[in-house]
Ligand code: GUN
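Before any questions on how it binds or moves, here is one chain, the form predicted on its own, in structure tokens.
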């Protein structure tokens, strides 16, 4: 058995720094080591002790770089990679102008293959080792994404996006085909290698009650799968939902009424929630996903991270590309910090790093498996250069502790800060 030993500064977590004192949750070692065997982390500790205990291990010494769990992106749209950073629209116009025309191209398997591979390579270049993606209505778009991930041995979550109204003819299915296609795809992919299937109604406005009910029935038959959708992203969207579902108590009720609210549910954005919705999300153990670059880029609003954490709602972090304006989870953390400031809370670097790793893994119900720098986890690892550009280097040189050294990389870092990436114990960056 070949063992790999990574040396450097190491950062992991033993708890949630959003709900307790962050100092009590961190596991930091300025001269640490991570021992890997058979694709998993088998030991964490002092580097010198691990060298002595495992003299035959192959050593990679990263010096003063920071070794962390790989970043986990809990909500994105790989079919929107090609039209990221499209100018000037809010949600509904943005979907009609940019998103739907692009997604209509994914009936072409070759095109879907190209974009899927490009998306995953961009993610890896930015230190992201797991993506949770919406696909399109085309089953081949789902196959393309899972095939590309399998070729890279990446843990991914994805599903066929279902829409049977308020979308172009090229992107509409119906209640029966949504059920049948989703069932066939989950039977093909869920649990194969590192693939997890997510039943995926885009959002209530693009699904009829019949389709929502069909997908709710499918989830009841396969509760081991995740379910992902969108919730309360923009105020005009919420008003539209009220028109489409006049008997619903609120936006969340349009899912709850059709069996699409549960512990393994992922609800993207969740900015403008009512008290009943927050209480219900916490009660069932569902997760919401914070998409800060998207929320500012499309003008959606300011997510209440600390309020939801206080209400014991599980929160993940995500790029939401292409509504989000960056593939980088570092930039996403920076945007989360900026939104926190606007809401009156300066998030600590430990809280931001937890959100991008452990927090997203918890939202995906994969705690301890991914996003975790600890014994037993899959060795999906990102190594950060804390002096990757002249601007960052001159600031980090003045640092008085690890947080002072890390924060400039969170705020100003990009793919140049990614020194190395490991997937299941294998290096994947050149």
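Numbering follows the first chain given and starts at 1. Just so it is clear, the structure is predicted and the values come from calculations on it, not from any experiment.
If you look for the form predicted together with the ligand, you will not find it shown, but the lines that follow are about it.
- By the 4.5 Å heavy atom rule, the three marked residues 91, 230 and 298 all count as contacting the ligand in the model of the complex.
- Of the residues 78, 267, 327, 203, just one reaches the ligand in the model of the complex with a heavy atom at 4.5 Å or closer; this is 203.
- Proximity to the ligand in the model of the complex, defined as a heavy atom within 4.5 Å, holds among 124, 95, 225, 271 only for 95.
- From the list 305-313, 211-219, 230-238, 111-119, the contact stretch for the ligand in the model of the complex under a 4.5 Å heavy atom rule is 230-238.
- Residue contact check for residue 294: one or more of its heavy atoms lie within 4.5 Å of the ligand in the model of the complex.
- The closest non-hydrogen atom of residue 320 lies within 4.5 Å of the ligand in the model of the complex.
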